[in-house]
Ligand SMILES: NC(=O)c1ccc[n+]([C@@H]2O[C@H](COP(=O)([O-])OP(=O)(O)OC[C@H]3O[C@@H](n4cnc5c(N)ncnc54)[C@H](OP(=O)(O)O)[C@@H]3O)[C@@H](O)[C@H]2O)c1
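Take a look at this single chain, the form predicted on its own, given in structure tokens.
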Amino acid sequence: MQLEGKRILLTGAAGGIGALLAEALTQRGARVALVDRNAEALESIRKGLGGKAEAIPADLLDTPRLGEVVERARRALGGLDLLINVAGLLSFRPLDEEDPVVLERIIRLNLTTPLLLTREALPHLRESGGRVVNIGSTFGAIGFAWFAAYSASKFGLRGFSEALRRELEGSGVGVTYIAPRAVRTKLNTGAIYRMSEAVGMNMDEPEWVVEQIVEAIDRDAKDRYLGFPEKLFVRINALLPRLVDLALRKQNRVMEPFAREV
């Protein structure tokens, strides 16, 4: 998909990946409806994009208003060509120590919200021959200890993307699923950074991840896994998950004290 002139609804637009992605998309000539609950940050980003973006402050956990978010974006842009679901939450905790409210918020924002936004956007994307882009994670193909809810939500997002792609075959609407590995953004806590250093976890800069997302959209990619050797491990885990269990056993023990930090 050529981005010049495209009308894009982007969630999580005030986040580490979202803000950079908004900039990259407008630099390519797209017009973007920026959606995030941080109204102040959103307005600052909008002003910095020189009139090529519209700010739509919204709490994406407010399910009854998701249809309104899509409609506001459609009216502001004069239609929709692309929905990019970036907004997300994560938590690095043992499951039995996790706050049930946090568990529910992770599943709702990472999975239920993209489902509902896509449902609302599909009639407009059918008109334009558009595309849905879901930003997942390596954690959506390899379940990591201490990230149970986050992994579950991203496994679900990957399954949703695959099923929707098959459902929409021949409709003119494409579906892209992009799975970064760990990214250096404010989404990660200090405990995650300390853990990643202890186990030698690879972490990418958000600028590079955004470049990969834009390239995947350019190429109408169906899916893309970012980072080596993680994308190799994804394939191994799909074929030989018990082998990966053994490979991760020692790492899991190293990770545990960081996950239990208060």
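Source: prediction; values computed, not measured. Numbers for residues come from their place in the sequence shown, where the first is 1.
From this point on, the text means the form predicted in complex with the ligand, which you will not see here.
Original post:
Going by heavy atoms within 4.5 Å, which of 248-256, 7-15, 21-29, 234-242 lines up against the ligand in the predicted bound form?
Top reply: Residues of 7-15 come within 4.5 Å of the partner.
**OP:** Although the ligand is absent from this view, report whether residue 119 comes within 4.5 Å of it in the predicted bound form, heavy atoms only.
**Re:** Outside the cut-off, so no.
**OP:** Please check if residue 181 has a heavy atom lying within 4.5 Å of any heavy atom of the ligand in the predicted bound form.
**Re:** So residue 181 counts as contacting the ligand.
Subject >> 4.5 Å heavy atom contact, residue 224 and the ligand in the predicted bound form >> reply: No.
Original post:
Closest heavy atom of residue 146 to the ligand in the predicted bound form, within 4.5 Å or not?
Top reply: Looking in the predicted bound form, residue contacts with the ligand do not include residue 146, since no heavy atom lies within 4.5 Å.
Original post:
Of 109, 132, 142, 80, which residue is found within 4.5 angstroms of the ligand in the predicted bound form when only non-hydrogen atoms are counted?
Top reply: Result of the distance check: 109.
**OP:** Find the only residue in 215, 59, 197, 68 having a heavy atom within 4.5 Å of the ligand in the predicted bound form.
**Re:** The residue in contact is 59.
Original post:
So which residues in 115-137, when you check the ligand in the predicted bound form, have a heavy atom no farther than 4.5 Å from it?
Top reply: Those in contact are 135, 136, 137.
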